[in-house]
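The chain that follows stands alone, in the form predicted on its own, written as C-alpha coordinates.
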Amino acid sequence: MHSDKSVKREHWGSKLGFILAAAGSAVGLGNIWKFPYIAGENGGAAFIFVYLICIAIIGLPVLIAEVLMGRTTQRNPVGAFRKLSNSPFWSAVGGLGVLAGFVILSFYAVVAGWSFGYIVEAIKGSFSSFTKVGASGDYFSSLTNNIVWIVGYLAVFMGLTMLIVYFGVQKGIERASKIMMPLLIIILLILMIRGLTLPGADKGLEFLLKPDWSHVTPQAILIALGHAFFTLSLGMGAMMTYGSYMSKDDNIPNAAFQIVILDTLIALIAGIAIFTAVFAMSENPAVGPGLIFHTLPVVFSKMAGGYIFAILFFILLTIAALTSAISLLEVVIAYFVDERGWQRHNAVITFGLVAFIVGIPSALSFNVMSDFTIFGLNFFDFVDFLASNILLPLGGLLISIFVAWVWGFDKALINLKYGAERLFDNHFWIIATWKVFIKYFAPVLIFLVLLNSIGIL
(Lines give C-alpha, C1' and ligand atoms only; values in the text may rest on other atoms or scores of the structure.)
Protein backbone atom coordinates (compact mmCIF):
# COMPACT_ATOMS: atom_id res chain seq x y z
CA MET A 1 0.00 0.00 0.00
CA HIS A 2 0.98 3.57 -0.54
CA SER A 3 2.70 5.25 2.39
CA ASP A 4 0.78 8.00 4.17
CA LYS A 5 1.11 11.06 1.98
CA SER A 6 4.61 11.41 0.72
CA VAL A 7 2.92 13.42 -2.02
CA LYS A 8 0.94 16.50 -1.00
CA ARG A 9 -2.74 15.93 -1.74
CA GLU A 10 -4.51 18.30 -4.09
CA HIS A 11 -7.38 20.53 -2.95
CA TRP A 12 -10.03 22.72 -4.53
CA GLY A 13 -8.91 26.32 -4.97
CA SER A 14 -12.26 27.72 -3.83
CA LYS A 15 -15.64 26.73 -2.40
CA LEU A 16 -17.27 27.79 -5.67
CA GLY A 17 -14.88 25.49 -7.52
CA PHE A 18 -16.07 22.50 -5.50
CA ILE A 19 -19.77 23.37 -5.88
CA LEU A 20 -19.50 23.87 -9.66
CA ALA A 21 -17.45 20.68 -10.11
CA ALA A 22 -19.80 18.62 -7.91
CA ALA A 23 -22.89 20.13 -9.57
CA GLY A 24 -21.21 19.34 -12.89
CA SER A 25 -20.80 15.73 -11.79
CA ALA A 26 -24.48 15.62 -10.83
CA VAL A 27 -25.70 17.42 -13.97
CA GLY A 28 -25.34 14.95 -16.79
CA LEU A 29 -27.21 13.45 -19.71
CA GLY A 30 -29.79 12.23 -17.19
CA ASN A 31 -30.89 15.75 -16.28
CA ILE A 32 -31.26 16.91 -19.82
CA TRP A 33 -32.92 13.97 -21.51
CA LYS A 34 -33.99 11.47 -18.85
CA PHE A 35 -35.59 13.73 -16.25
CA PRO A 36 -37.86 15.63 -18.66
CA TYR A 37 -39.23 12.53 -20.33
CA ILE A 38 -39.80 10.53 -17.13
CA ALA A 39 -41.49 13.59 -15.61
CA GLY A 40 -43.70 13.86 -18.68
CA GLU A 41 -44.62 10.17 -18.63
CA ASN A 42 -45.45 10.15 -14.91
CA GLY A 43 -47.81 13.03 -14.35
CA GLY A 44 -45.76 16.18 -15.02
CA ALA A 45 -45.79 18.53 -12.02
CA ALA A 46 -47.21 15.81 -9.75
CA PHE A 47 -44.15 13.69 -10.50
CA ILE A 48 -41.82 16.68 -9.97
CA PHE A 49 -43.42 17.26 -6.55
CA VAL A 50 -42.84 13.61 -5.55
CA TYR A 51 -39.30 13.80 -6.96
CA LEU A 52 -38.48 16.87 -4.82
CA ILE A 53 -39.63 15.00 -1.70
CA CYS A 54 -37.44 12.04 -2.72
CA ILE A 55 -34.44 14.35 -3.18
CA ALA A 56 -35.01 15.70 0.34
CA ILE A 57 -35.31 12.29 2.01
CA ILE A 58 -32.72 10.28 0.11
CA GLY A 59 -30.68 12.47 -2.25
CA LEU A 60 -29.54 15.21 0.10
CA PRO A 61 -28.85 12.99 3.18
CA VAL A 62 -26.78 10.46 1.21
CA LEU A 63 -24.95 13.27 -0.62
CA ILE A 64 -23.96 14.82 2.74
CA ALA A 65 -22.84 11.40 4.02
CA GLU A 66 -20.75 10.67 0.93
CA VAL A 67 -19.03 14.08 0.82
CA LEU A 68 -18.40 13.88 4.58
CA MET A 69 -16.64 10.51 4.28
CA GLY A 70 -14.39 11.94 1.57
CA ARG A 71 -13.54 15.14 3.44
CA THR A 72 -12.95 13.40 6.79
CA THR A 73 -10.46 10.90 5.35
CA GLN A 74 -9.00 12.93 2.44
CA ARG A 75 -9.05 9.68 0.48
CA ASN A 76 -10.71 7.96 -2.48
CA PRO A 77 -13.62 5.56 -1.72
CA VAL A 78 -11.42 2.52 -0.94
CA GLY A 79 -9.11 4.52 1.33
CA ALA A 80 -12.06 6.32 2.97
CA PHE A 81 -13.82 3.10 3.99
CA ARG A 82 -10.54 1.53 5.11
CA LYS A 83 -9.55 4.51 7.24
CA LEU A 84 -12.95 4.74 8.96
CA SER A 85 -13.57 1.02 9.52
CA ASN A 86 -10.27 -0.84 9.19
CA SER A 87 -12.23 -3.73 7.70
CA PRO A 88 -11.52 -5.55 4.43
CA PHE A 89 -15.27 -5.88 3.76
CA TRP A 90 -15.83 -2.10 3.84
CA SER A 91 -12.69 -1.44 1.80
CA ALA A 92 -14.23 -3.75 -0.81
CA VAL A 93 -17.43 -1.67 -0.70
CA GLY A 94 -15.25 1.32 -1.62
CA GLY A 95 -13.83 -0.77 -4.44
CA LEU A 96 -17.38 -1.37 -5.65
CA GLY A 97 -17.77 2.42 -6.03
CA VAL A 98 -14.55 2.69 -8.05
CA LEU A 99 -15.72 -0.21 -10.25
CA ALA A 100 -19.16 1.39 -10.74
CA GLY A 101 -17.55 4.70 -11.78
CA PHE A 102 -15.34 2.90 -14.29
CA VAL A 103 -18.15 0.77 -15.79
CA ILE A 104 -20.47 3.77 -16.12
CA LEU A 105 -17.76 5.84 -17.79
CA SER A 106 -17.24 3.13 -20.42
CA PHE A 107 -20.82 3.20 -21.75
CA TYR A 108 -21.66 6.79 -20.80
CA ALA A 109 -18.86 7.98 -23.07
CA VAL A 110 -20.54 6.19 -25.99
CA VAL A 111 -23.74 8.24 -25.61
CA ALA A 112 -21.67 11.37 -24.93
CA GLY A 113 -19.85 10.64 -28.17
CA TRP A 114 -23.19 10.72 -30.00
CA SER A 115 -23.97 14.15 -28.60
CA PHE A 116 -20.51 15.36 -29.67
CA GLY A 117 -21.09 13.88 -33.12
CA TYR A 118 -24.44 15.67 -33.26
CA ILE A 119 -22.71 19.05 -32.75
CA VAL A 120 -20.87 18.32 -36.01
CA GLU A 121 -24.08 17.10 -37.70
CA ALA A 122 -25.88 20.27 -36.58
CA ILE A 123 -23.08 22.47 -37.95
CA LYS A 124 -23.20 20.54 -41.26
CA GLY A 125 -26.95 21.24 -41.41
CA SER A 126 -27.84 17.53 -41.53
CA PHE A 127 -31.21 18.12 -39.82
CA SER A 128 -32.55 20.77 -42.17
CA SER A 129 -34.52 18.33 -44.34
CA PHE A 130 -36.14 16.35 -41.51
CA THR A 131 -39.90 16.83 -41.33
CA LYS A 132 -40.81 13.52 -39.67
CA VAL A 133 -39.35 11.72 -36.67
CA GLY A 134 -39.02 8.56 -38.78
CA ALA A 135 -36.46 10.27 -41.02
CA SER A 136 -34.32 11.53 -38.13
CA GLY A 137 -34.63 8.14 -36.42
CA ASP A 138 -33.36 6.42 -39.58
CA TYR A 139 -30.52 8.94 -39.83
CA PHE A 140 -29.56 8.28 -36.21
CA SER A 141 -29.57 4.51 -36.89
CA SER A 142 -27.37 5.00 -39.96
CA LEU A 143 -24.83 6.95 -37.86
CA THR A 144 -24.77 4.45 -34.97
CA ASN A 145 -24.43 1.63 -37.51
CA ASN A 146 -21.25 3.28 -38.76
CA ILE A 147 -18.42 1.78 -36.70
CA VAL A 148 -15.95 4.56 -37.58
CA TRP A 149 -18.46 7.27 -36.54
CA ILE A 150 -19.49 5.70 -33.23
CA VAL A 151 -16.02 4.54 -32.10
CA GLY A 152 -14.40 7.72 -33.45
CA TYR A 153 -16.57 10.01 -31.38
CA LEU A 154 -16.18 7.73 -28.35
CA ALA A 155 -12.41 8.26 -28.75
CA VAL A 156 -12.76 12.05 -29.15
CA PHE A 157 -14.94 12.31 -26.05
CA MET A 158 -12.66 10.09 -23.93
CA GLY A 159 -9.68 12.15 -25.12
CA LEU A 160 -11.35 15.38 -23.93
CA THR A 161 -12.21 13.80 -20.56
CA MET A 162 -8.63 12.56 -20.11
CA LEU A 163 -7.19 15.96 -21.03
CA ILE A 164 -9.14 17.75 -18.28
CA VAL A 165 -8.40 15.14 -15.58
CA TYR A 166 -4.72 15.03 -16.65
CA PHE A 167 -4.19 18.60 -15.42
CA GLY A 168 -5.33 17.75 -11.90
CA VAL A 169 -7.96 19.01 -9.50
CA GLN A 170 -7.39 22.77 -9.55
CA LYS A 171 -5.85 23.32 -12.98
CA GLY A 172 -7.98 20.70 -14.72
CA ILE A 173 -11.33 19.82 -13.16
CA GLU A 174 -11.95 23.06 -11.25
CA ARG A 175 -10.85 25.37 -14.07
CA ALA A 176 -12.90 23.45 -16.65
CA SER A 177 -15.98 23.39 -14.36
CA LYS A 178 -15.78 27.15 -13.80
CA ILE A 179 -15.97 27.65 -17.57
CA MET A 180 -18.36 24.85 -18.52
CA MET A 181 -21.03 25.17 -15.82
CA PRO A 182 -21.81 28.89 -16.37
CA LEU A 183 -21.74 28.25 -20.14
CA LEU A 184 -24.16 25.34 -19.69
CA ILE A 185 -26.57 27.52 -17.67
CA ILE A 186 -26.40 30.39 -20.20
CA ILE A 187 -27.11 28.07 -23.16
CA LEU A 188 -29.98 26.44 -21.24
CA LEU A 189 -31.55 29.81 -20.47
CA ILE A 190 -31.27 30.86 -24.14
CA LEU A 191 -32.97 27.61 -25.21
CA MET A 192 -35.67 27.97 -22.55
CA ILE A 193 -36.46 31.56 -23.58
CA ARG A 194 -36.59 30.46 -27.23
CA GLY A 195 -38.93 27.60 -26.29
CA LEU A 196 -41.22 29.88 -24.31
CA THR A 197 -41.55 32.34 -27.21
CA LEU A 198 -42.78 29.69 -29.67
CA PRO A 199 -46.51 29.63 -30.48
CA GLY A 200 -48.05 26.65 -28.68
CA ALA A 201 -45.37 26.63 -25.97
CA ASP A 202 -48.08 26.77 -23.29
CA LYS A 203 -48.98 23.13 -24.02
CA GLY A 204 -45.41 22.12 -23.20
CA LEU A 205 -45.50 24.07 -19.95
CA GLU A 206 -48.78 22.42 -19.06
CA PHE A 207 -47.35 18.95 -19.79
CA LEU A 208 -44.44 19.57 -17.43
CA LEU A 209 -46.00 21.83 -14.78
CA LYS A 210 -49.67 20.88 -14.52
CA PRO A 211 -50.08 18.14 -11.90
CA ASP A 212 -51.87 14.97 -12.94
CA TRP A 213 -52.17 13.07 -9.66
CA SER A 214 -53.71 10.02 -11.34
CA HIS A 215 -50.24 9.23 -12.75
CA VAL A 216 -48.61 9.11 -9.32
CA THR A 217 -48.64 5.33 -8.88
CA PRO A 218 -46.34 3.33 -6.56
CA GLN A 219 -44.26 2.65 -9.69
CA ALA A 220 -43.96 6.40 -10.40
CA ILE A 221 -42.81 6.97 -6.80
CA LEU A 222 -40.12 4.30 -7.22
CA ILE A 223 -39.00 5.93 -10.49
CA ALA A 224 -38.79 9.30 -8.67
CA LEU A 225 -36.79 7.70 -5.84
CA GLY A 226 -34.43 6.03 -8.28
CA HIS A 227 -33.89 9.20 -10.28
CA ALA A 228 -33.37 11.33 -7.14
CA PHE A 229 -30.59 8.93 -6.31
CA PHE A 230 -28.97 8.65 -9.76
CA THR A 231 -29.17 12.31 -10.67
CA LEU A 232 -26.82 13.31 -7.84
CA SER A 233 -24.07 10.84 -8.89
CA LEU A 234 -24.49 8.93 -5.60
CA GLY A 235 -23.16 5.45 -4.89
CA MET A 236 -20.25 5.55 -7.34
CA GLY A 237 -17.66 7.32 -5.25
CA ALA A 238 -17.63 10.52 -7.33
CA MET A 239 -18.97 12.74 -4.55
CA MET A 240 -16.73 11.02 -1.99
CA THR A 241 -13.70 11.65 -4.19
CA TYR A 242 -14.66 15.30 -4.80
CA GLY A 243 -15.35 15.66 -1.06
CA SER A 244 -11.82 14.40 -0.34
CA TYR A 245 -10.38 17.53 -2.00
CA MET A 246 -12.32 19.85 0.38
CA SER A 247 -10.76 21.61 3.33
CA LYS A 248 -11.93 21.24 6.93
CA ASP A 249 -13.54 24.70 7.05
CA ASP A 250 -15.94 24.12 4.14
CA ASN A 251 -19.60 23.87 5.17
CA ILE A 252 -20.75 20.46 3.88
CA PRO A 253 -24.56 20.72 4.48
CA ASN A 254 -24.59 24.13 2.83
CA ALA A 255 -22.55 22.96 -0.20
CA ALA A 256 -24.70 19.82 -0.57
CA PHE A 257 -27.87 21.93 -0.54
CA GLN A 258 -26.48 24.22 -3.27
CA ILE A 259 -25.52 21.21 -5.40
CA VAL A 260 -29.05 19.75 -5.09
CA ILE A 261 -30.66 23.11 -5.95
CA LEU A 262 -28.43 23.59 -9.03
CA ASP A 263 -28.99 20.02 -10.21
CA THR A 264 -32.78 20.25 -9.85
CA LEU A 265 -33.05 23.73 -11.41
CA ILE A 266 -31.03 22.65 -14.43
CA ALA A 267 -33.26 19.58 -14.91
CA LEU A 268 -36.40 21.75 -14.73
CA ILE A 269 -35.07 24.43 -17.10
CA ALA A 270 -34.02 21.68 -19.55
CA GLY A 271 -37.54 20.25 -19.31
CA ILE A 272 -39.10 23.62 -20.11
CA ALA A 273 -36.67 24.24 -22.99
CA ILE A 274 -37.31 20.82 -24.52
CA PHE A 275 -41.06 20.42 -24.02
CA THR A 276 -42.12 23.91 -25.07
CA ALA A 277 -40.30 23.28 -28.37
CA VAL A 278 -41.60 19.71 -28.77
CA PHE A 279 -45.25 20.75 -28.22
CA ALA A 280 -44.96 23.92 -30.31
CA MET A 281 -43.82 21.75 -33.24
CA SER A 282 -46.60 19.19 -32.56
CA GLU A 283 -44.22 16.31 -31.88
CA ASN A 284 -44.84 13.43 -29.47
CA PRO A 285 -43.33 14.13 -26.03
CA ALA A 286 -43.66 10.58 -24.70
CA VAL A 287 -41.18 8.85 -26.97
CA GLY A 288 -38.83 8.10 -24.09
CA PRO A 289 -35.08 7.86 -24.61
CA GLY A 290 -35.34 8.62 -28.34
CA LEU A 291 -36.47 12.17 -27.54
CA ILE A 292 -33.03 13.74 -27.93
CA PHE A 293 -31.70 12.13 -31.10
CA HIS A 294 -34.97 11.33 -32.89
CA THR A 295 -37.47 14.07 -32.00
CA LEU A 296 -35.35 17.16 -31.36
CA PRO A 297 -33.58 17.27 -34.75
CA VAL A 298 -37.08 17.45 -36.35
CA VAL A 299 -38.14 20.14 -33.86
CA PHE A 300 -35.05 22.22 -34.73
CA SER A 301 -35.57 21.81 -38.48
CA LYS A 302 -39.11 23.23 -38.17
CA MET A 303 -38.16 26.10 -35.86
CA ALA A 304 -37.10 29.59 -36.96
CA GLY A 305 -33.42 29.88 -36.09
CA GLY A 306 -33.37 26.13 -35.52
CA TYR A 307 -29.92 25.78 -37.12
CA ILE A 308 -28.31 27.83 -34.32
CA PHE A 309 -30.45 26.30 -31.56
CA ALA A 310 -29.56 22.76 -32.68
CA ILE A 311 -25.84 23.57 -32.43
CA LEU A 312 -26.33 25.19 -29.01
CA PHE A 313 -28.40 22.28 -27.73
CA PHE A 314 -25.85 19.59 -28.62
CA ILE A 315 -23.01 21.73 -27.23
CA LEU A 316 -25.05 21.92 -24.01
CA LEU A 317 -25.59 18.16 -23.98
CA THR A 318 -21.88 17.50 -24.54
CA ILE A 319 -20.84 19.88 -21.73
CA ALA A 320 -23.27 18.15 -19.35
CA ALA A 321 -21.81 14.78 -20.32
CA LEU A 322 -18.24 16.00 -19.99
CA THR A 323 -18.65 17.45 -16.47
CA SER A 324 -20.00 14.05 -15.37
CA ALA A 325 -17.40 11.99 -17.21
CA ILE A 326 -14.48 13.83 -15.61
CA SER A 327 -15.85 12.98 -12.15
CA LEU A 328 -16.19 9.30 -13.13
CA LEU A 329 -12.62 9.12 -14.40
CA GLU A 330 -11.36 11.03 -11.33
CA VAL A 331 -12.75 8.29 -9.02
CA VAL A 332 -10.54 5.71 -10.74
CA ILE A 333 -7.52 8.04 -10.90
CA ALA A 334 -7.79 8.99 -7.19
CA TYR A 335 -7.76 5.31 -6.26
CA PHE A 336 -4.54 4.62 -8.17
CA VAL A 337 -2.85 7.83 -6.98
CA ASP A 338 -3.83 7.37 -3.30
CA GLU A 339 -3.68 3.62 -2.84
CA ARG A 340 -1.17 2.48 -5.43
CA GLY A 341 1.18 5.45 -5.49
CA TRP A 342 0.77 6.08 -9.23
CA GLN A 343 1.64 9.42 -10.79
CA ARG A 344 -1.57 11.20 -11.88
CA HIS A 345 -0.40 11.58 -15.50
CA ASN A 346 0.38 7.90 -15.90
CA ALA A 347 -2.90 6.87 -14.25
CA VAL A 348 -4.95 9.15 -16.52
CA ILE A 349 -3.35 7.89 -19.71
CA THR A 350 -3.54 4.22 -18.67
CA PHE A 351 -7.09 4.10 -17.30
CA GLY A 352 -8.51 6.57 -19.79
CA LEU A 353 -7.32 4.19 -22.53
CA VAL A 354 -8.64 1.14 -20.66
CA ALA A 355 -12.06 2.83 -20.26
CA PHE A 356 -12.04 3.60 -24.00
CA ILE A 357 -11.23 -0.04 -24.87
CA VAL A 358 -13.93 -1.34 -22.48
CA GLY A 359 -16.33 1.15 -24.09
CA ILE A 360 -15.80 -0.26 -27.60
CA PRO A 361 -18.11 -3.31 -27.14
CA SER A 362 -20.81 -0.89 -25.91
CA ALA A 363 -20.36 1.17 -29.08
CA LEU A 364 -20.45 -1.97 -31.24
CA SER A 365 -23.73 -3.08 -29.58
CA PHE A 366 -25.48 -0.78 -32.07
CA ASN A 367 -23.93 -2.44 -35.12
CA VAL A 368 -21.68 -5.51 -35.51
CA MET A 369 -22.28 -6.82 -31.96
CA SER A 370 -26.03 -6.16 -31.90
CA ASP A 371 -26.77 -9.91 -31.84
CA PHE A 372 -24.35 -10.58 -28.97
CA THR A 373 -26.36 -10.78 -25.73
CA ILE A 374 -25.73 -11.41 -22.03
CA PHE A 375 -28.90 -12.47 -20.16
CA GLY A 376 -30.91 -11.30 -23.16
CA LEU A 377 -29.37 -7.81 -23.20
CA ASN A 378 -26.86 -6.42 -25.69
CA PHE A 379 -23.48 -5.43 -24.21
CA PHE A 380 -24.39 -1.74 -23.83
CA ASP A 381 -27.69 -2.50 -22.08
CA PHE A 382 -26.02 -5.13 -19.90
CA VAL A 383 -23.30 -2.81 -18.52
CA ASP A 384 -25.91 -0.06 -18.12
CA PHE A 385 -28.16 -2.45 -16.16
CA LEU A 386 -25.26 -3.75 -14.05
CA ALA A 387 -24.06 -0.26 -13.09
CA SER A 388 -27.32 1.70 -12.83
CA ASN A 389 -29.60 -0.99 -11.42
CA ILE A 390 -27.23 -2.96 -9.18
CA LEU A 391 -23.90 -1.27 -8.38
CA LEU A 392 -25.22 2.27 -7.73
CA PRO A 393 -28.18 1.49 -5.45
CA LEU A 394 -26.05 -1.13 -3.66
CA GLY A 395 -23.27 1.44 -3.16
CA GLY A 396 -25.72 4.05 -1.85
CA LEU A 397 -27.40 1.55 0.46
CA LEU A 398 -24.07 0.49 1.95
CA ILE A 399 -22.86 4.11 2.36
CA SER A 400 -25.98 5.06 4.34
CA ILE A 401 -25.70 1.91 6.50
CA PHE A 402 -21.98 2.55 7.03
CA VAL A 403 -22.33 6.17 8.14
CA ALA A 404 -25.36 5.50 10.37
CA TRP A 405 -24.49 2.13 11.89
CA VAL A 406 -20.77 1.37 11.46
CA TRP A 407 -18.81 4.63 11.59
CA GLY A 408 -21.47 5.98 13.98
CA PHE A 409 -23.20 9.32 14.34
CA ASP A 410 -21.11 10.69 17.17
CA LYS A 411 -17.95 10.51 15.06
CA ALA A 412 -19.77 11.62 11.90
CA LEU A 413 -21.28 14.66 13.63
CA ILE A 414 -17.94 15.78 15.10
CA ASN A 415 -16.58 15.85 11.54
CA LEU A 416 -19.72 17.36 10.01
CA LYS A 417 -19.55 20.26 12.48
CA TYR A 418 -16.26 21.59 11.00
CA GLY A 419 -17.17 24.57 8.87
CA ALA A 420 -20.86 24.28 9.83
CA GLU A 421 -20.68 25.45 13.45
CA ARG A 422 -23.38 28.08 12.98
CA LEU A 423 -25.79 25.53 11.54
CA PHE A 424 -25.17 23.22 14.53
CA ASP A 425 -25.68 26.04 17.03
CA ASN A 426 -28.76 27.67 15.49
CA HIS A 427 -30.50 24.97 13.48
CA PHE A 428 -29.66 21.69 15.15
CA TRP A 429 -33.03 20.26 14.04
CA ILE A 430 -31.61 20.09 10.49
CA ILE A 431 -28.78 17.86 11.72
CA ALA A 432 -31.22 15.76 13.79
CA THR A 433 -33.42 15.32 10.70
CA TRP A 434 -30.39 14.23 8.65
CA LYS A 435 -29.65 11.64 11.32
CA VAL A 436 -33.15 10.13 11.13
CA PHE A 437 -33.17 10.14 7.30
CA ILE A 438 -29.76 8.53 6.88
CA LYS A 439 -30.41 5.95 9.61
CA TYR A 440 -33.93 4.80 8.72
CA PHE A 441 -35.44 6.37 5.58
CA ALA A 442 -32.48 6.21 3.21
CA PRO A 443 -31.54 2.52 3.72
CA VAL A 444 -35.15 1.31 3.44
CA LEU A 445 -36.00 3.46 0.42
CA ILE A 446 -32.75 2.70 -1.41
CA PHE A 447 -33.36 -1.00 -0.74
CA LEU A 448 -36.76 -0.61 -2.44
CA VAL A 449 -35.09 1.15 -5.39
CA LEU A 450 -32.64 -1.76 -5.63
CA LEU A 451 -35.46 -4.36 -5.56
CA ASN A 452 -37.41 -2.37 -8.16
CA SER A 453 -34.43 -1.89 -10.47
CA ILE A 454 -33.62 -5.61 -10.54
CA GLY A 455 -37.27 -6.36 -11.26
CA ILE A 456 -38.36 -7.88 -7.95
CA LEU A 457 -40.87 -5.13 -7.10
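So that there is no doubt, residue numbering starts at 1 and follows the sequence shown. All figures in this text were calculated on a predicted structure; none of them were measured in a lab.
Although it is not shown, the form predicted together with a small molecule is what the next lines describe.
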Original post:
For the chain shown here without its partner, which stretch in 136-144, 352-360, 232-240, 304-312 has non-hydrogen atoms within 4.5 angstroms of the small molecule in the model of the complex?
Top reply: 232-240
**OP:** With heavy atoms only and a cut-off of 4.5 Å, decide whether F279 touches the small molecule in the model of the complex.
**Re:** no
Original post:
Contact between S324 and the small molecule in the model of the complex at 4.5 Å, heavy atoms?
Top reply: yes
Subject >> Distance check, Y108 to the small molecule in the model of the complex, heavy atom within 4.5 Å >> reply: yes
Subject >> Partner contact for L328 in the model of the complex: the small molecule, 4.5 angstroms, heavy atom >> reply: yes
Original post:
Within 4.5 Å of the small molecule in the model of the complex, heavy atoms considered, which of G70, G40, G28, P61?
Top reply: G28
